[in-house]
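Here we start with a single chain on its own, the form predicted on its own, put down as structure tokens.
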Amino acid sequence: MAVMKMTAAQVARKVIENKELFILDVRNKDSFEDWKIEGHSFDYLNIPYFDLLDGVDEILPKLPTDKDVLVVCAKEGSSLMVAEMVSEAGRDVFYLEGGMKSWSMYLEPIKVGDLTGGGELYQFVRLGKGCLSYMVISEGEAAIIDAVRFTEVFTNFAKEKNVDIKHVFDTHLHADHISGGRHIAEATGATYYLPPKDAEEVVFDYTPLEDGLTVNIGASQIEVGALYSPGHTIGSTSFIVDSKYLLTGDILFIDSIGRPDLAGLAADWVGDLRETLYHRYRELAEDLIVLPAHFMIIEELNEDGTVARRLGDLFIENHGLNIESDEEFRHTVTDNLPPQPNAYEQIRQVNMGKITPENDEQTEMEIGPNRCAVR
């Protein structure tokens, strides 16, 4: 029977279109439990590769015959070998091209909505890492917010849309993934903005993302003035796009809120986090659509694959926005912190411009799930 490869892009479509898939993950148990390919209609079997060296006969009854079976490993090699054994046993089977490494890197651009004057807003969904980046397009110009390190995805998309990238923003100094923001700016001549309170140690030039800044993108406006929103970092800044969308960075997610500890200052920043979530955001229009910089669980995806929700709905549904006392909030945030992101200290150093690892090392630094949130 046939052994076929399945790309990360094809898996992403199955996630977004809510298609069925059976995943035979041959990584070690700890790796699988920490981070796997998630889908609304996915089923799983985790059997480490070394347990299958003598053959796959024992697991064949556990593999369905009425849906695609995808073998997954870290980098491809082990999954291809297991897939070949499954095929020799008489089953059609797929292996994931590039393994979990390719899944971590893949970005799916999805249109969020239309803007004034024919503009458009796109969300770039990094399903394997939970990262969300954005591109605002209007009248031949583009702005990018919270770009990940795969810069060609954004520059090629801009070329397809026949727009020039004029502005690149990071809502904060990221600690869980490597930013592509300043590299896109260098390649395109765009202006790169970073909150100055997050940029005290950076070793490159940038334009301060200050309170009161308003940037025009064609007929659209990105308004920053009243949206200084510290708490995840001391410089965290939110954006309102076209009076319709609220880009919250890593302060507010759909099902959780931002963690305040990735610079080692949880006790200092938890008050800022509460001030932002319970006061600054409460002053905004509830019809704004929240677009965060990350998602944590697959249930946060909408039917079209976007991660977006009305602010007023989050005030009702998000537990992190409904904690009455300051003391309870402080305990909730500081006592329920998930493990630190993989290599987060080194990632911060990269995003400050202090170190420049090789591409393979950057990939290894980013491997793993999103851990920016407190639930």
Partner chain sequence: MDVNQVLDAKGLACPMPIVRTKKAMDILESGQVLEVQATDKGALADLTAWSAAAGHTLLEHKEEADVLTFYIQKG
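Worth saying up front: this structure is predicted, and the values here are computed from it rather than measured. Residue numbers count along the first chain shown, from 1.
Absent from the display: the form predicted together with its partner chain. The rest refers to it.
At the 4.5 Å threshold, heavy atoms of I316 stay clear of its partner chain in the predicted complex, well away from it.
Contact annotation for L337: none of its heavy atoms lies within 4.5 Å of its partner chain in the predicted complex. Remark: L53 counts among the residues lining its partner chain in the predicted complex, judged by a heavy atom distance of 4.5 Å or less. In the predicted complex, S102 stays away from its partner chain, with no heavy atom inside 4.5 Å. Among S78, T207, T188, T151, the residue placing a heavy atom within 4.5 Å of its partner chain in the predicted complex is S78. Of the candidates F42, Y49, F32, F329, Y49 is the one whose heavy atoms come within 4.5 Å of its partner chain in the predicted complex; the others do not. Only one listed stretch (70 to 78, 169 to 177, 106 to 114, 243 to 251) carries heavy atoms within 4.5 Å of its partner chain in the predicted complex, and that stretch is 70 to 78. Taking its partner chain as it sits in the predicted complex, the stretch 13 to 37 comes within 4.5 angstroms of it through a non-hydrogen atom at just one residue, N28.
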